[in-house]
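Only one chain is given next, in structure tokens, and it is the form predicted on its own.
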């Protein structure tokens, strides 16, 4: 009887979270500094319609896809490295993308190459070079490999931050202002170009992770288990890391760094759905989107003189959560 009640309560909680997430996604475009007249939303010539369809809806979709990319990347890194603290943010990959974008800002490269902004290109290469550097350095780790890899990621983050400070020191006032705003993270977008781009990348990342879901399940146990099943562990790992770095590099180059989403959401989904990795992929994608839209709604709903950067909100939530994970792991 008690077991049935527990299952019933857990089911109700899951349904409630899904309903809240969908409700936030639907009603978030109506929240902001400017109150919208709902009766004029469908009037294409009205200011309300322009704000709603050119600013609010694209921003909500951008936040949703950004949350999807961050949460899926977090799930991917935690599975591949079998460490609950591994994310692109803690491994320094996001910092590498920020440094790459910072270099592009310092060099004044605002032009497009084959339709892609130079900042996005530099951000992607910053992320992908960090991945290759981590893979190369991991070859020299023998004992406690995954824990040491996490420390390497933190060391790289500190190095990238120092390099970014040099760029800040050498930059002009305008460049420094761009760097400061960039490093705080922002989901402010105008139009549909960025949401569509991020949506395509989120779909590609979800597609690859889902295609290799069974390989990921074996890799979550051990490399040996996957190898015995005939899986090319190095090839699969490298492919998934490159695809994830493409997503993180592009996202960071547009929005700046948004930390801890890839840490919080996969753990939250694991608590709600304690099943195998392959059954948590889709749920992690949606919950990541819901979570970041929720955080962005908070930033737009606060009555402040200027909009609070999204990176501050996620850090305020993720910092204590990170401490909780470290303490809980030490008690095992």
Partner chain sequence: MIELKDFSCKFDEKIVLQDISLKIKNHLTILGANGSGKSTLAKAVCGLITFNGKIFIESKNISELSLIERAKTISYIPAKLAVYDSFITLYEFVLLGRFPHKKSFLDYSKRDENITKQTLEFLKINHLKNHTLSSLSSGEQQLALIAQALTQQSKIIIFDEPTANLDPHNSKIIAQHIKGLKEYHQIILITHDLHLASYVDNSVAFLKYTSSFRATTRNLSYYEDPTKFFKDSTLQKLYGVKFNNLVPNYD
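Since we're looking at a predicted model, the values are computed, not measured. Positions refer to the first chain, counted from 1.
Although it is not shown, the form predicted together with the partner chain is what the next lines describe.
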Check your understanding: When the partner chain is placed as it is in the model of the complex, which of 160-168, 256-264, 183-191, 225-233 ends up with heavy atoms within 4.5 Å of it?
Key -> 225-233
Revision key, fill the gap. In the model of the complex, the residue from 51, 61, 277, 268 with a non-hydrogen atom within 4.5 Å of the partner chain is 277
Exercise for review: Taking 4.5 Å between heavy atoms as the contact cutoff, choose which of 119, 178, 129, 218 touches the partner chain in the model of the complex.
Suggested key: 218
Review point. Would residue 211 show up as a contact with the partner chain in the model of the complex if we use heavy atoms at 4.5 Å?
Key: yes
Exercise for review: Give a yes or no for residue 78: in the model of the complex, does one of its heavy atoms lie within 4.5 Å of a heavy atom belonging to the partner chain?
Suggested key: yes
**Study point:** Contact label in the model of the complex: residue 83 to the partner chain, heavy atom within 4.5 Å
**Key:** yes
